[in-house]
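What follows is one chain in structure tokens, specifically the form predicted alone.
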Amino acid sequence: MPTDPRETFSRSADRYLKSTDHRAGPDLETIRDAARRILPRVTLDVATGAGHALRVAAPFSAFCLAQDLTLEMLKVTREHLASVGIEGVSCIQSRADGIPVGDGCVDLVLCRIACHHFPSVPAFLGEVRRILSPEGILLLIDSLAPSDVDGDRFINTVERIRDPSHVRSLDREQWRDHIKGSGLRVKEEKKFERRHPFDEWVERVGLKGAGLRALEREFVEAPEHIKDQFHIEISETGQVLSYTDEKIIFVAGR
């Protein structure tokens, strides 16, 4: 049973601000380009984390909302955005499937590398369908599980050991089915790879002791086809150096 995400993120908010996984990437360029193109009246960043997605969308948005379940994350978001001259962002502490905004009032909904923590992706997407304006856009980025059983099992196992608030990374067809089932339509999609330096990846959530040793074993003892699939790098002394997974970007609307 996944734990409450607040147990992880309340104590690691500052580390997510500095995270190389979150402060850069081609997905941020996609967000910037989308915001520049549609010039949203209202932009909402769901599960904002440290506010990296909103940072690139805000200059093109008339009004910005930052939503997160964790109060500590919202504090970091506000400070982060203020430090780069972005003021006036309204912060909302709520669940992703129960956001207190009106029907049809958001032109750009962002959700970046967060859905795998949500108890119900369909419930979240249903909420997006409710709040999205008629011409509005959802720009969703998340970890992508492989379609094969072994790869799916490996990535979801190691993610859950590292962070017990992890619920599930979905594969491409599961994502498409959920988006379609919510009444939204996929307009664009693309994948990209991200290499994760192992030490930073585990330190970000404060994993230590027996949990860290169990996680290391999963990588070191993984079958060769899994090591190849995830480009797992292990030093000559047996230290896990990195792995690479896939992320997917969906642009969806009504």
Partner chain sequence: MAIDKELLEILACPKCKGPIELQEDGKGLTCDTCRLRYRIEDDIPIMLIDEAEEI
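Positions refer to the first chain, counted from 1. Computed from a prediction, not measured in an experiment: that's the story for all the values here.
Another form exists, predicted together with the partner chain; not displayed. Remarks below refer to it.
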| task | Just one of 152-160, 94-102, 113-121, 178-186 has residues with a heavy atom within 4.5 Å of the partner chain in the model of the complex, so point it out. | result | 94-102
| field | The unique member of 34, 28, 69, 215 whose heavy atoms fall within 4.5 Å of the partner chain in the model of the complex | value | 69
| message | Which residue, 222, 42, 58, 205, is the contact with the partner chain in the model of the complex, using a 4.5 Å heavy atom cutoff? | response | 42
| Heavy atom to heavy atom, is residue 226 within 4.5 Å of the partner chain in the model of the complex? | no
| said: So in the model of the complex, is the partner chain close enough to residue 134 to count as touching (4.5 Å, heavy atoms)? | reply: no
| query | Just to confirm, residue 90 within 4.5 Å of the partner chain in the model of the complex by heavy atoms? | reply | yes
| Proximity of residue 75 to the partner chain in the model of the complex, heavy atoms at 4.5 Å | yes
| message | Heavy atom within 4.5 Å of the partner chain in the model of the complex: which residues of 111-135 meet that condition, in order? | response | 127, 130
